[in-house]
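Presented as C-alpha cells, the chain that follows is alone, the form predicted alone.
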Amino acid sequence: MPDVQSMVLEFVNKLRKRKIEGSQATARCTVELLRSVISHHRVPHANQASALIDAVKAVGAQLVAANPVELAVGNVVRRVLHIIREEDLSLATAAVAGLDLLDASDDDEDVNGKGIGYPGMSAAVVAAAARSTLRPPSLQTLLEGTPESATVPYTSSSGADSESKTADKSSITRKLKHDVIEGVNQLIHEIAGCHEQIAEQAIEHIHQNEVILTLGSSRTVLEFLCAAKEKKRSFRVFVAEGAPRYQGHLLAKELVARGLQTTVITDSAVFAMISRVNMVIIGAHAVMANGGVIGPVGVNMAALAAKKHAVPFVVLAGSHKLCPLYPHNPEVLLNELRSPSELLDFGEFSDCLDFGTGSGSPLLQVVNPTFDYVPPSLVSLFITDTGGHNPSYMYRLIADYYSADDLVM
C-alpha cells in the first residue's frame, strides 16, 4: 500500500517549486492524488460522506496553500467534494425509495430484492443528474445497484429483516466509496479530453479567410486553431510574442509546423494591428464566477483594443478552469511576480540597482507580473468543453459544478 501522506507531501513540494507547468497538468495530478486519498481512507459506518469530505478538505487546504495562484487546484478539490455530496445524496435517496417500496409490498409474496433496489436507484440517479450537470448517470452506474440489492432475498420474518438491514448498510458503505471513485475517474477523463472537446467547436467559429489574433502560448488555442485548419478552413494567425517569456514564439513555431499561416507581432503592436483582425482568441488561466478572466500578461491590452474596434474577444477554457470565487475574494491570489532577470540583465544594470539613497532602497525597481485580469464586460464569448456561453451565464454554469458549502476550505 502506498504511503498517501508521502504522496501528498511530494506533490505539495512540486507545487511550491512550480515544477508542474500548465493548469491542465496541475488539475489532473491533483485529482489523481485525491483519488488515492479517497481510495485508501477508511470510512466509518456512520457519517461516511462527512469523513471523506474532511479528508479531502484537509489535503486540499495543503495543496491550495502550496500554490495559491494556481486556481485549478482549488477548483478540482471543490469538484471532488461536490461529487462526494452528490453520490451521498443519491444513495440516501435510493435508500428511502427502497424502504418505501418495501413497505408498500409487505403482503406481496412475489417481491424480491432485485425488484426493490433497481427502480429506487434509477430514480435517485436521474434526480441527481437533473439537479446538476456535473456527472450524468451512465448505464453502468444505473446497473451497478442491481446485484447489490439482489444479494439479500426478501422474507417477512423479523430476523431476516434485521439481517437485510445490516447487509444493506454494509453495501451502502462499500458503494459510496466506489461511486465516488467512479465519479473522480470521470472527472479525470473530462480534464484529459477538454482540449479535444473544445477543438471540435472550432469549425463553428472560425471562417474562411479570417485573421485571428492570439497572445502567449496555450495548447487549447493551438488545438482549436489546428482543428479549423483540418476542416479545410484557410485563415491567418497573428501571434503576439508575449514578452518577457516570449511564449508566443513557441506557439508560432507549433502553428507553422502544423501548416498554419502565422505572423509574429510585438505586444505593443496589438492596437496597431487590431483593425485587420476578425477575432481575438485567447486561452485562460482561470475564469472567475463573475465572468472575469485571468490570462497571460498583456491580455487586457488586447481585450481593450478588441472592444475599441468591435472585434469579438473569445476565451477558451476547460471546465477545470471555472472558479467559483470572485476576484475580490480574499482567498483569490490574482497574480504573482516573476524574476526581474527575465526583464533586465543584472550585469548591465548593476549600477542602477545599487543602494544609492539614504532610505536603503535601490534606485531602480523591476516589476514582472505573470497574469492580467480581463473584466467580463470585455469578453464576447466563452467556449468550454460543454459549449459556448455568454459571460453573463458563467455564474450559473459554475454553480452546477460546485457546492456552496465548499467555497471556503
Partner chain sequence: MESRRNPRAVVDPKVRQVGFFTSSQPDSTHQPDPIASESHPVASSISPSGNSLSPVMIPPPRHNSSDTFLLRAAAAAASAVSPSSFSYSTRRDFPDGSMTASPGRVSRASFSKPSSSLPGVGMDSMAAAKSSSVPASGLTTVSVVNMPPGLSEKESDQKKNSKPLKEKTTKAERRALQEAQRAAKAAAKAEGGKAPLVSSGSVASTNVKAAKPAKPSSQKNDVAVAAPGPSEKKGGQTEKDRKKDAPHPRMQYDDESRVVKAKRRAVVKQTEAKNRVELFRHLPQYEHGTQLPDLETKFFQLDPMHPAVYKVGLQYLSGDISGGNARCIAMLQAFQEVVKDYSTPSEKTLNRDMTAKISSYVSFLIECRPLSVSMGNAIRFVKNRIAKLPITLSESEAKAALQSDIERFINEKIIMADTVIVKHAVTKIRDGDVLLTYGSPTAVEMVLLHAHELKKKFRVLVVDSRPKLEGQLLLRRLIKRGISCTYTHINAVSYIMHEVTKVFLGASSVLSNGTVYSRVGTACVAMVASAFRVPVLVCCEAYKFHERVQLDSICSNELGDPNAISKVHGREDINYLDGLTNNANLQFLNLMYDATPSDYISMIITDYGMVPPTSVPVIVREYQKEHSLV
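Residue numbers count along the first chain shown, from 1. Note that this is a predicted model, so its numbers are computed, not measured.
From this point on, the text means the form predicted in complex with the partner chain, which you will not see here.
Partner proximity in the model of the complex, defined as non-hydrogen atoms within 4.5 angstroms of the partner chain, places exactly one of 76-84, 194-202, 332-340, 219-227 at the interface: 332-340.
Among Ile181, Leu89, Leu250, Val96, the residue placing a heavy atom within 4.5 Å of the partner chain in the model of the complex is Leu250. A residue is said to contact a partner when one of its heavy atoms sits within 4.5 Å of a partner heavy atom; Val314 fails this definition for the partner chain in the model of the complex, lying far away. At least one heavy atom of Arg236 is located within 4.5 Å of the partner chain in the model of the complex. Residue contact check for Ser275: one or more of its heavy atoms lie within 4.5 Å of the partner chain in the model of the complex. Looking at Glu70, you'd find every heavy atom of it more than 4.5 angstroms from the partner chain in the model of the complex. Of the residues in 294-320, those that come within 4.5 Å of the partner chain in the model of the complex through at least one heavy atom are, in sequence order, Val297, Gly298, Asn300, Met301, Leu304, Ala305, Lys308. Cα-Cα spacing of Val332 to Gly242 is reduced in the model of the complex versus the present form (difference of at least 3 Å). Compared with the form shown here, the C-alpha atoms of Pro330 and Gly295 sit at least 3 Å closer together in the model of the complex.
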